[in-house]
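This document starts with one chain, in the form predicted alone, laid out as structure tokens.
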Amino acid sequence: MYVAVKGGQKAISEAHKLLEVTRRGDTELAEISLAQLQNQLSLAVDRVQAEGSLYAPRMAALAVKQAQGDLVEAIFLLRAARASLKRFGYSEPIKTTAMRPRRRISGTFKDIPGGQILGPTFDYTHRLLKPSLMDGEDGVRKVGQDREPGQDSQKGLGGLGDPLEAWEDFGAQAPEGPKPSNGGELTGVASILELEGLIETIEDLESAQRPFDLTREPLEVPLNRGGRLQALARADEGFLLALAYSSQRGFGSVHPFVAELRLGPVELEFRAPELDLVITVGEIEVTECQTANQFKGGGGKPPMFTRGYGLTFGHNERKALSMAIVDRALRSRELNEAIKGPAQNEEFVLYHSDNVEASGFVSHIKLPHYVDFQAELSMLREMRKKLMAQKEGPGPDGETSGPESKKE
């Protein structure tokens, strides 16, 4: 497609140097650290992890720094890094019922087993700028400033300890509940509806098909629900948000209730094949959202609530909720519902939701297209020449009377 451009390599090299100078900015200012990005721009780092398909907070922070805060570029960088890593196995499915939630809410029942936790949220803020932040006076006590000598001050939000300890570090009382039940597991809100048979069971939705790995297999539609959820989990947040909004406005059939939304750490387990033993290798933080959607029945199914599901790395509530809405919208064909909007079109959603692919395809037109353009330009000139000849018509002697003949 492109034609070789002589002398371009030096210009490209200089552009790379200029990009690095621009990234660093004013050298009189202290360079931002990865720890600062992880702790103070954690939501940006979490989005990069989620859409980059790699849970690695420090690498995601590095990508944000290198990309000058351009999150789509950072996601591209993290995916490229992930592709170079050796794959040595698959983890066991995480148990979100065993989560130690920092935040847990429900829009369906006021009183839920274990109680609700508002946790860290923008939902009830007034969206007013805080001038005090301009001078670094945020009014928050430093983590660990009241600890006894010798105590680890890196626990909580900034370290590897229990995230609930951070509540004490910030002068707030740690949430009391929910208290895990059933062998350390926290009962889901949707199970209340399951008891009356008013919502689909998890067993009804599970697929017997082999799990699909979108990072290693090409995307082809139709996909089973597991494959769709993988695609949605790393889809662009803004794109999913727009689709979810369109469905709620009537370009689809989904306007759900939030059965439950959870945020918190879960254990990650791996089965070592040589030992045939499941071991815990660490914790990751995830956001999970389950929605309950009205369904009038049909296709042999009685009226009931149907499920939508969203799960992402880190603190990504808007993404998880949008994902759950779009997941349910994409089940329209399965539930014999009319396809009325783009959110219900599987091919449209899955093929256009990946921001790395979309960015590459859109941005590639900035690169040289000299040969293509010259071909189009020549064709356009020839078409205009023929059109002008037809408008002016043949002369008295049968020849076309163009501008040159008039001049003679």
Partner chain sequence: MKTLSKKVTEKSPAPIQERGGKIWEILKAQNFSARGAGAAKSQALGGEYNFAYLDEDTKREIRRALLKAVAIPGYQVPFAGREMPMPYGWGTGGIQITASIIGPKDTLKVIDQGSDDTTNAVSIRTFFEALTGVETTSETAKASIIQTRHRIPETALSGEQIMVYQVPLPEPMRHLEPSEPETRSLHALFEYGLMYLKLYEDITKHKEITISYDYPVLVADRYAMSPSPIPRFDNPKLNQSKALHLFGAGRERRVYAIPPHTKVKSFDFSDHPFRVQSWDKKCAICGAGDSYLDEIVQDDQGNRMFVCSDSDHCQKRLKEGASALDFEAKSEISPVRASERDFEKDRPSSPLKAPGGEKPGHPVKKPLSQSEN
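Numbering follows the first chain given and starts at 1. If you're wondering where the values come from, they're calculated on a predicted model, not measured in any experiment. Here the rigid core means the biggest group of C-alpha atoms that line up within 1.5 Å when the two forms are laid on top of each other.
There is another form of this protein, the form predicted together with its partner chain, and it is not shown here; the text below is about that form.
> Please tell me whether any heavy atom belonging to K340 falls inside 4.5 Å of a heavy atom of its partner chain, as the geometry stands in the predicted complex.
It does not: once its partner chain is placed as it appears in the predicted complex, K340 has no heavy atom within 4.5 Å of it.
> Test of understanding: in the predicted complex, would F109 fall inside 4.5 Å of its partner chain by heavy atoms?
No, F109 stays farther than 4.5 Å from its partner chain in the predicted complex.
> Does any heavy atom of D70 come within 4.5 Å of a heavy atom of its partner chain in the predicted complex?
D70: no contact with its partner chain in the predicted complex.
> Would L275 count as a contact of its partner chain in the predicted complex, using a 4.5 angstroms cut-off between non-hydrogen atoms?
L275 belongs to the contact set for its partner chain.
> Please identify the residue among V221, L198, A98, A242 with any heavy atom within 4.5 Å of its partner chain in the predicted complex.
If I apply the 4.5 Å criterion carefully, the residue I get is V221.
> Are R79, Y351 and R381 jointly within 4.5 Å of its partner chain in the predicted complex, each by at least one heavy atom?
Yes, each of R79, Y351 and R381 comes within 4.5 Å of its partner chain in the predicted complex.
> Please identify, from 325 to 333, 300 to 308, 223 to 231, 86 to 94, the stretch that has a heavy atom within 4.5 Å of its partner chain in the predicted complex.
Among the candidates, contact is made by 86 to 94.
> Would you say whether L387 is displaced between the shown form and the other one, judging by a C-alpha shift of 2 Å or more on the superposed rigid core?
Shift at L387: 2 Å or more after core fit.
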